[in-house]
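One chain is shown next in structure tokens, namely the form predicted alone.
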């Protein structure tokens, strides 16, 4: 490794003494050495030792414009001059809701939350209230709350009402509805990700779910504003009954929303999902500015172009170099390149690759879908492909 991580290691030691577990587990899975971030700008961040990286995690999705994006920071600063939390309705809250109704196919009404886990849990509460049923089916990752996890410390009774199904598995979904006939309130699912929906899958899912008087909820916390401005539902042409949007909605500010059909949302308007920071001024102002910038810069089309260039480049080089353990997936705005590690030889190859790319100034999250932003320049893409090719050659030479 040519880079120094001395200061990052020192900060990691301090974290162990001050933070539970030294910090959240998912923030410590960085390869191959600990990187403690000191700041970011655009599509880059730098660590405590001053090492610069092209970022393909982008906060795990929120930074759709880029780190410290000027128009968002300016909008938030201006809004905060008039205060931040009133616990009364405010004008920006309505302005953003009207915009979301305009651009998201499933949105007739909007409810505010803070963070994706908060919002997916709120969506389930709405669904249970509307259908007067308790069981739910999940497909994908929907946060850390008890209903979708059975990890240490969870409330067993909550998780017992949650059933799970794999993506693109219509047959198992049908079996679940038969086995739990009349008991299922909704299916909440990520409409796309590492794997894309098979032909007709989403259409058939909607028909099946609605035929059992259940609601279809798209968890678009990741896909929202990336596949299309109106999310994967706009891109695939399938409109669910309700949807959850977050992450990229406000370019790093923690607002999230549940949107849905007017007949559903009006009927559940008295369901208690209230919290002090729902609709917080800074979060709403950031979201308004983010959407405006995406529209002004044709941001979605740009991310498609840059991400597709990355995927095409990785496909070409892995074929040319004979790399048979490459794992390439996703699509333009959310691409993925990784390496399988099914045996010791592959694990060594993978480790060498990630060490070399980190040393070359790339942060390529292994095992995670990548996220493009409108700040990823042509130079960033070219450097990423060049450094990755050199790393693959090095790993091949060492194997």
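Residue numbers count along the first chain shown, from 1. All values derive from a computational prediction rather than experimental measurement.
One more form of this protein, predicted together with a small molecule, exists but is not displayed; see below.
A heavy atom within 4.5 Å of the small molecule in the model of the complex is found for one listed residue only; from 277, 167, 141, 201, this is 141. Screening 221, 285, 217, 310 for any heavy atom within 4.5 Å of the small molecule in the model of the complex leaves a single hit, 221. The shortest heavy atom separation between residue 290 and the small molecule in the model of the complex exceeds 4.5 Å. When the small molecule is considered in the model of the complex, residue 247 lines it closely, a heavy atom lying within 4.5 Å. Contact between residue 329 and the small molecule in the model of the complex is not found at the 4.5 Å heavy atom cutoff. Contact annotation: residue 117 falls within 4.5 Å of the small molecule in the model of the complex, judged by heavy atom distances.
With the partner left out here, the small molecule still marks one of 126-134, 296-304, 257-265, 109-117 in the model of the complex; by a 4.5 Å heavy atom cut-off that stretch is 109-117.
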